[in-house]
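Here you get one chain, nothing else, as structure tokens; it is the form predicted alone.
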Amino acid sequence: MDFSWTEEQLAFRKAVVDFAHKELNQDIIEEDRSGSFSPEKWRKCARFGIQGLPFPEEYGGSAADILTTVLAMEGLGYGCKDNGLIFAMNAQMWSVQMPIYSFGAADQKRKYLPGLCRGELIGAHGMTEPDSGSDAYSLRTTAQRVDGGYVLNGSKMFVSNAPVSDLAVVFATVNPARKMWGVTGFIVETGTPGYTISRKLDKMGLRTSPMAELVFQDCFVPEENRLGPEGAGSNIFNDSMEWERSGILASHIGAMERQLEASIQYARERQQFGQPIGKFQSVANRIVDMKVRLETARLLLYKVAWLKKMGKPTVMEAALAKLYLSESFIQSSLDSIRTFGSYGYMTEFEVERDLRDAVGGALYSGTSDIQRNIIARLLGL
């Protein structure tokens, strides 16, 4: 595995960092406090090319390989302090755009992907239900076949981007008795009769990424909006989750690097008992642990990206990366707050927000417990 970067790739990462510094860090404290999504920042990212990074040029993308995409998202996490905005883009790229690109019919790709890549459309992903989370395939949302399409009934919970979405990739079962083999994917456009974006959900972190519940009540979806064949939903979902676990936490690497640099600077400048606090072993050891986590997480992430670029299976590696990166971001956020002390606990210093945002990483795209189950199963346990 060769993780050396070309001059072009490094220049692109720098361009991403510079763009994020300049365009994406305004008003984050207030937007976080009010739970506000910024359409302007979303469109700026699309104009820069973020949402289209790994998708072909014919659909408005940049045709970047997965390693370049991961490096760019790492740079975005370093330059942009708004973890919610980055999460919202990742949620769309990996669980909406990627399944449409990988499994969609030619007409579906032409209809939806250019708008999603250009920031003209926003997509949501509906899998989780009030009674099915980690047990993903125990769906109660049904899709009954009728002339010309399907009628959907049910609800979806914890749907990122839902309040601002123009369409949703939704999973429902055409045959509950077949369990995962009855799950089928659909593309449902906002405004479809019987489809309601219900109550907006407030949450601990990632507050600039809006979330809501979806409700389907006798919602007719035409057959041309079925995503893939009947019963292929589990394959579509698993594929998108593998992509998501490979890429959605890349920005955490950049954020952890930003945390580390800020903690080092503060530990050098903050004086207590007549010397910089970084001279105290307990503080220095904490910062060293942050560095070890950062570099280990980075190597895990790059390995997953390299394997996907080579066309190799990444189920184990993606689960390892998702588990380690999410837990590392939480711990490094705690260590950063401890280094800053009381100032780190204050909103205005923008340290505590990373911790609130980091906790979600241990839950979405499969909880840490589920990642451990996947890894254990692949180890033959």
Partner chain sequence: MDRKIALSDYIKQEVMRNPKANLDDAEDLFNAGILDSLAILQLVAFIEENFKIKIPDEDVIFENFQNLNALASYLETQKAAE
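Numbering follows the first chain given and starts at 1. Just so you know, these numbers come straight off a predicted model, no measurement behind them.
The same protein has a further form, the form predicted in complex with the partner chain, not shown here; the description that follows concerns it.
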property: Contact at R178, W181 and A232 by the partner chain in the predicted bound form, all three, heavy atom at most 4.5 Å; result: yes
property: Per-stretch contact check against the partner chain in the predicted bound form, the hit in 237-245, 163-171, 119-127, 75-83 (non-hydrogen atom, 4.5 angstroms); result: 237-245
property: Contact of F103 with the partner chain in the predicted bound form (heavy atom, 4.5 Å); result: yes
property: Any non-hydrogen atom of G274 within 4.5 angstroms of the partner chain in the predicted bound form; result: no
property: Contact of M346 with the partner chain in the predicted bound form (heavy atom, 4.5 Å); result: no
property: 4.5 angstroms heavy atom contact with the partner chain in the predicted bound form for P313; result: yes
property: Sequence-ordered residues of 359-379 touching the partner chain in the predicted bound form, heavy atom within 4.5 Å; result: I374, R377, L378
